[in-house]
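One chain follows as structure tokens, the form predicted alone.
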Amino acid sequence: MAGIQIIGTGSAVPEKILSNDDMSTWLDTSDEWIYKRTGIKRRHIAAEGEGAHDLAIRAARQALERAKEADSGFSEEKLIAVITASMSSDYICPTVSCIIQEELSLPEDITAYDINAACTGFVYALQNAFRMLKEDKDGYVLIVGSECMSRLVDYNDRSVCVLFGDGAGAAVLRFDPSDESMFLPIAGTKGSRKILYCRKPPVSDGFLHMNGQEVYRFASNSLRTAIERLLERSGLSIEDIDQVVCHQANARIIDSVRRRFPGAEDKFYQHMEEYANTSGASVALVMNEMFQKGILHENMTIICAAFGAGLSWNAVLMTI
């Protein structure tokens, strides 16, 4: 077997915080109503002129600095790719990844591209990075998730705007050839343009729309299915998994999944209370927080799982 090692992570969120109480000043809602249904208390909102690429650059810079501290053999010159997950980039082109390469003066002989898969994007970036590192075992890959979801929500739509926030996370990866290492991906798609969608300008309504009940049903089922299939394919049990890193969309969704794995409930970390749903940045943000708190560390076996617009879901079982 073979896998990847995460040698540095980083994150960035806007300074502005929008609380549930703040939103209740113009919406027919309350802190109690939002928190009970979502587990969200606050979300970070980008300032005017602050975009997904700005957050991505800050998160990437931090991940690169930490990678240098953790791995004396790492330098930016050894990067072979930059992959960014984002559905809210400021430009149709160039990509956020190309802007990162420019702003951080990364080598020019590298691959740089974005993935627009909404909330599942960062896990797809993990999967793509692993395939690249299998081909170039001495290289490193920088993966980023960055979103300004505040640009895509209608702040008069109570069913949507309370759910989302802005932020970015990043990780530097290298190949792990050891027999004890593992990287097992899985994914699925149930195409729909009605349940969760956002149309491009110049349409008059370029906001994110969702059928909350249908999304909840899909998310709960797909997360559980992803975890169960990965355990079956790997021959492992939930007791063998140290942590399950889920897309942070809604506390009720994660709670519904963790109840399916009695005795392992404490392996499902949550932090959407502070950040809300940051779409493609979500898994990256929570992963960085878990590393900084010591909840994640080297030689752990974890599952990263996400669901989102598409409709799509994906997950990875890996050692780190």
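In case it trips you up, residue 1 is the first one in the sequence shown, and so on. Predicted model, so just to flag it, every value in this text is computed and none were measured.
Below: the form predicted in complex with a small molecule, not depicted.
Out of the listed residues 162, 244, 83, 99, 162 is the one that sits within 4.5 Å of the small molecule in the model of the complex by at least one heavy atom.
The partner is absent here; in the model of the complex, the one residue of 216, 113, 91, 155 having a heavy atom within 4.5 Å of the small molecule is 216. Remark: none of the three candidate residues (73, 172 and 301) comes within 4.5 Å of the small molecule in the model of the complex, counting heavy atoms only. Stretch-level contact check against the small molecule in the model of the complex with heavy atoms at 4.5 Å: of 51-59, 252-260, 288-296, 65-73, the positive one is 252-260. Looking at residue 18, you'd find every heavy atom of it more than 4.5 angstroms from the small molecule in the model of the complex.
Within 4.5 Å of any heavy atom of the small molecule in the model of the complex lies no heavy atom of residue 186.
In the model of the complex, the small molecule lies farther than 4.5 Å from every heavy atom of residue 142. Although the partner is absent from this view, residue 271 stays clear of the small molecule in the model of the complex, with no non-hydrogen atom inside 4.5 angstroms.
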